[in-house]
Structures are given as structure tokens and as C-alpha cells.
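The chain that follows stands alone, in the form predicted on its own, written as C-alpha cells.
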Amino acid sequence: MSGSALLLQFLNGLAGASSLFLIAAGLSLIFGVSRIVNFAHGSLFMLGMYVCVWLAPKVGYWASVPLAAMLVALCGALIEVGLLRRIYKAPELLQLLATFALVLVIKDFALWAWGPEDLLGPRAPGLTGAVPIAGRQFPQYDLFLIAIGPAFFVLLHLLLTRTRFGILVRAATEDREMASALGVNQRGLFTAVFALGAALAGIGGALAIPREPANLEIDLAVVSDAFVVVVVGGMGSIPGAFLAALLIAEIKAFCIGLGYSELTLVAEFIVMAVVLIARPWGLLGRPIAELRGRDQADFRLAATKPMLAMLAVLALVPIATSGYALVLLTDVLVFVIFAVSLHLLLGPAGMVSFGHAAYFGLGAYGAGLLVLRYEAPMELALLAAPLLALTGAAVFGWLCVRLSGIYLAMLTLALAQIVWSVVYQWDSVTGGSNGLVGIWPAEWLASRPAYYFLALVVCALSVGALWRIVGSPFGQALRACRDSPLRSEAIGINVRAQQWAAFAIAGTFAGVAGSLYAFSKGSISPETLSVPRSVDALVMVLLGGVQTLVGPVLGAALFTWLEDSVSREVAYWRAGIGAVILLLVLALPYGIGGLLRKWSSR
């Protein structure tokens, strides 16, 4: 690469870093004060883009940028007051579920308001040309972006260090319970911070319009990048977010410049994984203070007779129908195994995983590769495929158990994205973006009722085994490690070994679900192990309730049925599912399983 090309790639990286910093700074502020992992932050960025495109023809582009930021800030304040304020004392995972529901609602709102097509915005007046740099042309607007990022960094630094509001924000970031005890108005502070973070996301989206069109898929892509920047820099650290945005943007720019554009799909996640392994709290972060008074999960084994009665009813289903209902119930049984395996990590082990779909996908691809590439019989593939998931879970778990909290969750996300990138780009083995086709069960299982019975038996055995593990001495030790790691170490329990074993067990059963899924559908694609699939599993567990064993079973059944029926009957089905989730979050903060447990205790 020539010197001029090197300089231009460096400048491209600086322009990308400014955009990354604007959205990551808002996310970092919100997490630092409220401790909410705001999945909807990318949706606020998307709203900023759409509002800017909508306003620009009426008031001009430059006037539309601050107006879009103000409207998105108002939307953020309404979200905080109307929803998040009601669940600040709820478990952190429930808050995560609520913000995910907002993603669905905002996406369908944008679809209703602006349609499904990408919307091209105007060029920035006065900055539509290019300037010669090192013998090449460089866009004027990108130079403007290079300047705007540091400008916002300086303004935020002055706001947080030279104003009373900034002092309160830093106090709440350090220890929000102590700040409240000293008389800080938490409600007003949280609303102001959420509105400020939303405004930064909105202005970031508006400033992105001259470079790319507004589209409905950008929300999850942007929030994924923002999470990486925030975690690499250190949660709650604005200087850390600025440094991480520079680092990641430059790495991606030089990957493109050196001809390794395929690495841009995974480069940032490799950086995040390396940073978290080497420095668990990010480059400029510090350990997060645990919130006091958090409820710990309380598990009770499900009653045997109702479970046997449910199995008997499910076994009689093929007598009543052999149509689409069997296909849907087979999917339910597969995702019940998937959700219950994740529950072992979320509940007894107390470890949040954003990448559980990696093991689900490894099981599916393991089954497909054994059948298609090695011509193994379906029965052998079904038994052997989970071993690939076990291997992946054991390797990832060994790395992840060194961390805790949101940093552990983000490392699982990074590792899962690395696996997804390999599967997506390894055309000769995995089929790349096309996936694998023709993964059919053996002849004796080819009919829908036969495969349904297989799925029912495997589901019953898997769920029963996982429930026995939770109630075993190993499960009791896991809960001890979750509730008090120091005391557990003091009485001789190897905390990391227990958590590592939990990762391996959960990943193995997720692989069982994945192999069943592959033969059920006949084909698999990289979406099988993508982030949205991991989020689906989280939603299933949280809908049912983390604090009961039967909760994930009910949550998986409800979510699968809702996704299928609502998507077929309702035009804006995502908003419908999001509304149902929000209603359940507000009305049943401990999930459906928690409600049933209260009824049974009465």
C-alpha cells in the first residue's frame, strides 16, 4: 500500500470513528447511570436517520439534524418515564427483555411510517465535494465527520467535569445507591441521562444520512457495533468509548484497504474478545459495583404428575392432527430444549450469555456435515453432532468464566460472532451464506408424526436431565457460586470449574436442540447461529421466568406460538410481539412461571 493510500485509509477510519463514538457515548452514559443494557439504542439511531430524511425536504438538511436529535431525545425521555422507570427494581435481565421489545415496536413503527424501502437522504449542503489529499480526492463531508467526533468528546468531557449535572452523573455511575442516599433525585437524573443518550444516538443517525440510506435493518447492526465499542473502552467511560471507537474504526478501515474486507464482519469482535481476556473491564474501565438488594433466583422442581399429564397429552396430538400443527409443535419441542439449556446458565449459574445460539448452530451444522459430507446415517449424526457443540462450549466457557456480569455476556457475543463469521464465509465446507440443504431424517422418521414423536422423546429426556442437574449437588454448588463466590471458594468449591462445567453441559444440550432442528427443517443457514437467535432464547427464558424450572418451557412454547401465529395474522407482527412482551414485563415481572408458582403457593 502506497503512502497516500495509507493516509486516506487512516482518514476513513477517523470518519468512521466519529460515527461510532456518537452512538457509543450515549449507550455508555445510559449504562453507567441506570445499569440498563439498552438494546433499543440502535433503534433510536435508526429513528434519527428516518426523522432526518423526513424533515430535510421541509427545513433543509442542516436544520433537520438538531431537530431529529431533539425528537429522538423526547422519544427517549418518554421511554424512560413510561416504561423503564417502572422496572428499575426488577431483575436486570427483565430490563434487557423490555428494551428488546422496544426494538420490535420501533422497527414496525418505522415500517408503518416510512415503508419498507431504503430511503436516500440529501447530501450535506456545502460539503458535497472533495478535496485533494496526497494526490487523491477525499470527501469534504468525511473531513467534517473527523472534526465533529472530537468536538462532541470535548463537549461531553466539559459537561461531565465542569457542571453540577456532570458531577451527579459521575456520582451515580460510581455508586447510584449511595448517590440516592445523599439526596440525588434519581428519577430526574435518569430521565435526563436517557434523553441525552438518545439525543446522541439521534444526531449520530442524522449525520450518517449523507453517507448511507435509512433502512430497517440498521438498528441491530449499529447497536452491536456500539456494544463492542462501549465494552472495549470500558462500560460507563466516555474517554474509553472514544479510544475504542478510534481503535476499531481504524482496524476495519485497514482491513478494507489491505484487501481483507471479509475480516470487517468479525474484526471488532476479535478485538473485543482479546481485550476482555487480557483486561476484563475494558481499556479505560473499572469493575462495576454490584447493585444491592438484587433478588436471587429460587428454583423448585416441577411437579411430576402435571408434567407426566402434559407428556401424555402431547403424545396424543398426532391422533388429532397430522398437518401444520405437528410442524409447529416440533419447533416448540426443539426450542424448549434450547431455552432450558440456556436457563442452566442464566438461573443456577447466574451467567448471562448473548451467544448461546453458537452451540445451537454448531449442533445443527455438525449434523448436516456428518450426513452430507461424510454420508453418516441420521441416527449417528443425531448422537454425534452435540459433541461439536460440547467442544465449542468447553473452549468458550474456559475463556468466559474468567469474567462476570455484562463483560461475560459480551465475550460470549464476541465468540459467537466469530463462529458465525467462519460459517458465513467458509463456502467450501459450510456452504457460506447459502447454508446446507438436503439434511433429511432416516426413512423410518420421514413422516411428520414419527419425527414429532422423536422430538418429544428427546425433549422429555433432555429437560428431565437438565432438571435433575439443577436439583443435584452440582446444581446446589452452582447456586452457591452464583450467590457468594468468595464463600464458595472458602469452603473448597472450585468456582471456575463449576461454571465451566455448566457452560459445557448447557452447550451440549443446545447442540442436541440444533441437531433436531436441522433434520426437522431439512436445511440450515448461518442465521441458525446468529445473534437474533441468541436473543430469541433469552426472550423465551425471561418470558417464562428465570426463577422457576418450568418457566423456560412455558416461555419457549409461548414465544414460538406467538412468532408463528402473529406473523401470519398481523401485518405489523413484530410490534404485536413486542407489545405482548412489554405487557408481560409490566404485569408479570417474574414471568409466567413466577405467576404459576404464586398461584400454587396459595
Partner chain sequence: MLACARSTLATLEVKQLSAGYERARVLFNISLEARAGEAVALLGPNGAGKSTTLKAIMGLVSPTSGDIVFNGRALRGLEPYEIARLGLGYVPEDRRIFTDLTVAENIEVARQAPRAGASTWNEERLFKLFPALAALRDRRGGRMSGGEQQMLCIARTLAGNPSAVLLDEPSEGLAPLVVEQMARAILEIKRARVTIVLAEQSRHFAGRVADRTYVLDKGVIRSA
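Residue numbers count along the first chain shown, from 1. These numbers come from a predicted model, not from an experiment.
There is another form of this protein, the form predicted in complex with the partner chain, and it is not shown here; the text below is about that form.
Taking the shortest heavy atom distance, is D118 within 4.5 Å of the partner chain in the predicted bound form? No, D118 sits far enough from the partner chain in the predicted bound form that none of its heavy atoms falls within 4.5 Å.
Heavy atom of L436 within 4.5 Å of the partner chain in the predicted bound form: Outside the cut-off, so no.
Residue-level question: is L196 within 4.5 Å of the partner chain in the predicted bound form, judged on heavy atoms? Answer no; every heavy atom of L196 is more than 4.5 Å from the partner chain in the predicted bound form.
R402: touches the partner chain in the predicted bound form, heavy atom cutoff 4.5 angstroms: Answer no; every heavy atom of R402 is more than 4.5 Å from the partner chain in the predicted bound form.
Could you tell me which of 492 to 500, 335 to 343, 364 to 372, 181 to 189 sits within 4.5 Å of the partner chain in the predicted bound form, going by non-hydrogen atoms? Comparing against the partner chain in the predicted bound form, the contact stretch is 181 to 189.
Quick check on this chain: which one of I167, A221, V313, I277 has a heavy atom within 4.5 Å of the partner chain in the predicted bound form? Checked against the cut-off, the match is I167.
Since exactly one of E379, E212, E443, E177 fits, which has a heavy atom within 4.5 Å of the partner chain in the predicted bound form? Checking each option against the partner chain in the predicted bound form, the one that comes within 4.5 Å is E177.
Taking R468, Q476 and V550 as the candidate spot, are all three within 4.5 angstroms of the partner chain in the predicted bound form by heavy atoms? Negative, none of the three is within 4.5 Å.
Residues within stretch 83 to 114 having a non-hydrogen atom within 4.5 Å of the partner chain in the predicted bound form: Heavy-atom contacts within 4.5 Å come from no residue here.
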